[in-house]
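First comes one chain, alone, set out as structure tokens in the form predicted alone.
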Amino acid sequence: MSDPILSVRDLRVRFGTKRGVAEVVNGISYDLHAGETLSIVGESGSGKSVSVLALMRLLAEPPAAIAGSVLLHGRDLLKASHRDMRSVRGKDLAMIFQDPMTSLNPVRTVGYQLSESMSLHLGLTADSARRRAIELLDMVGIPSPDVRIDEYPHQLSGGMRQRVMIAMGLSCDPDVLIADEPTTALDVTTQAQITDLVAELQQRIGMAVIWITHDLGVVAGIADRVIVMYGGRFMEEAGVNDLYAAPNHPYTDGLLGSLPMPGADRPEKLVTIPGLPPDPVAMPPGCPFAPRCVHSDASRCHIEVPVFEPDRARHLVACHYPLQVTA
């Protein structure tokens, strides 16, 4: 196995609030290799988006306090200056944000916003950047790209705006592309088109992808490896086929059980996970999922935090009583 492009170690993110310190990300670690698609899944509030915003250095410090290390080609981004980070974002490490309508500048044309990063990072002239922008819009499947390039975000549909965001992310051929729930607000047909597009472009360019989502149904068709996140911690890590075939953590099992399966012999009601995600200002002792887990043991699960050690060679689970072992 080649050396990882991106190596995250013991990443922690805390926010100072009026109620106290919010522990949003609690010591996560993982590696990402060239051409690999890693999906991080979990409920809203589990810390997925904050974790990638932290490695992009897009969180204001303060109120955020970030610790750990994020090595991109061996260089620690958490120690880089803001000037250095501006040269990394978009060129080596790019991101597709969750809501393109709030991420795109409403008073700038699509062409201006696409050309800006290419002029900055690649040194292209205005004419060259415009030609490249039209090529990118065509590559992501936007019709009449020579016309759309002079339009504003509000003139495009939701699917088209998301494609513009993808084009912006790919404009400088990044080594790592982070997609933060890029299909959440889209209809299922457009979702399928976007996921297929990212997979096709990934094969063409050879970049690595981190796909953030709460939808395990989307993950099945795009990911090589899946990490399940809850309460700011990693609960389980495995290859996508292993995870779906034999989930080891009760939380993963609950997420999979809540998926509708057309044509399958299933009960009338979907499985639900009782309770709510933990309050990051008042995290419960022990396993963060213990208060909602039907398998929890008060003498251990509510006291002792289960250990999760990253290792690509094994199916990993942070649980005192893994389902497969218990079975």
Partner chain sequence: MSQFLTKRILQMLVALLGVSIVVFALIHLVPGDPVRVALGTRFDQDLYDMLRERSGLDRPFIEQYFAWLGNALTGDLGLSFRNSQPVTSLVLERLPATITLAFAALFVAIVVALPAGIISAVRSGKPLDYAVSAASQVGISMPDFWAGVMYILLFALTLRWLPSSGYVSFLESPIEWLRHLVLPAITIGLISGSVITRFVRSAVLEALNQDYVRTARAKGLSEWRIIRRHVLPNAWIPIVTVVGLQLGFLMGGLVVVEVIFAWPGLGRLALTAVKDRDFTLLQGAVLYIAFMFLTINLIVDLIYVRLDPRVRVS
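Positions refer to the first chain, counted from 1. Since we're looking at a predicted model, the values are computed, not measured.
Quick note: we don't show the form predicted in complex with its partner chain, though the next part is all about it.
Based on heavy atom distances of at most 4.5 Å to its partner chain in the model of the complex, which listed stretch, 72-80, 197-205, 127-135, 87-95, is the contact stretch?
Stretch with heavy atoms near the partner: 87-95.
Give a yes or no on whether every one of Thr183, Gly239 and Leu316 sits within 4.5 angstroms of its partner chain in the model of the complex by heavy atom.
Negative, none of the three is within 4.5 Å.
Residue-level contact is defined here as any heavy atom of the residue lying within 4.5 Å of its partner chain in the model of the complex; does Arg225 satisfy this criterion?
Contact check for Arg225: no, nothing within 4.5 Å of its partner chain in the model of the complex.
Contact with its partner chain in the model of the complex for Arg233, defined as at least one heavy atom pair within 4.5 Å: yes or no?
Output for Arg233 is no: heavy atoms all beyond 4.5 Å of its partner chain.
My question is simply whether Thr102 lines the interface with its partner chain in the model of the complex - judged by any non-hydrogen atom within 4.5 Å.
Yes, contact at 4.5 Å.
Distance check, Asp146 to its partner chain in the model of the complex, heavy atom within 4.5 Å
Asp146 lies outside the contact set for its partner chain.
Considering only 107-137, what residues come within 4.5 Å of its partner chain in the model of the complex, judged by heavy atoms?
Counting only heavy atoms within 4.5 Å of its partner chain in the model of the complex, the contacting residues of 107-137 are Val107, Arg108, Tyr112, Gln113, Glu116, Ser117, Leu120, His121.
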